[in-house]
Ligand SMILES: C[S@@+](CC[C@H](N)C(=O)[O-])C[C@H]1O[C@@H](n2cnc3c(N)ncnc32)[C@H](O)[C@@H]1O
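As structure tokens, one chain now follows by itself in the form predicted alone.
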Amino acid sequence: MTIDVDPEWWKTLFDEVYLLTDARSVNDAAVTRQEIDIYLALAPFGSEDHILDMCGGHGRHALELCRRGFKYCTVLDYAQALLDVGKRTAAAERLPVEFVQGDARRTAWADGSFDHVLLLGNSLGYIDDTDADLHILQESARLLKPGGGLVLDVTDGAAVRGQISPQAWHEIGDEVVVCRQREINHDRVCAREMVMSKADGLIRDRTYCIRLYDGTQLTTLATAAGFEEVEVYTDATALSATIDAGCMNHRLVVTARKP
């Protein structure tokens, strides 16, 4: 069976239901703290640096950085619903995070606006256009000051190809069940996700698709976008190996620098 995916799925999938279905990763504060520990060990930031969390969703990484004393964090994302969640968290905790809606391929900031750009949690590989990821990295390079750093965190394509289960499910509390069907289709992993309430029935039945990269491909892509000193780190996940979190289980973290 081939999973049919709308090429613009990424424009509507990321909302409050997504925060529920992926809560084991994107809403787990301990996981976020461990991820920030990993990134800071590989690419240290200064507390006065201007940091852009590109495709940052509800800003979990930027919020955690601010909790640790980083003063200038900005989140860009396409999904207004996620940005609104982040704004509420920032307001409740009085954290100085700016949330901006936009397309990562074309932003309104001036050249050299940031010291660091973060592209975390599978922020590449969504868009059907084969040049889209290159455009996102080129825009990241444009926004960086000379000598500025990129941190990229995506799924390990080789690990997914070899280890992902075609069927997976988990429960959320006592009321909700999430079932996923997955398949590898050329250079992508495609999934059908069904979210069901035990009391009320089907909540969501959606499909999505993520392009898979290995370390060599990411190095080539980052270099083509204008970065240098590209380093790839394998298996840098903060998730427990006992949890089947699909593309979140096996990670590649890439650091690079703008000349």
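Please read all numbers here as calculations on a predicted model, not as lab measurements. One rule holds for the numbers: they count along the sequence shown, beginning at 1.
FYI, the form predicted in complex with the named molecule isn't displayed, but the following is about it.
Trainee: When the named molecule is placed as it is in the model of the complex, which of 183 to 191, 86 to 94, 162 to 170, 101 to 109 ends up with heavy atoms within 4.5 Å of it?
Mentor: Flagged stretch: 101 to 109.
Trainee: Answer yes if any heavy atom of T74 is within 4.5 Å of a heavy atom of the named molecule in the model of the complex; otherwise answer no.
Mentor: Contact with the named molecule, no.
Trainee: So in the model of the complex, does any heavy atom of V154 sit within 4.5 Å of the named molecule?
Mentor: Residue-level check for V154: no, no contact with the named molecule.
Trainee: Do V26 and the named molecule come within 4.5 Å of each other in the model of the complex, heavy atoms counted?
Mentor: Flag for V26 set to yes.
Trainee: Would I136 sit within 4.5 Å of the named molecule in the model of the complex, counting heavy atoms only?
Mentor: Contact with the named molecule, yes.
Trainee: Only counting heavy atoms and a 4.5 Å limit, does any residue of 119 to 144 reach the named molecule in the model of the complex, and if so which ones?
Mentor: Contacting residues: L120, G121, N122, S123, Y126, I127, I136.
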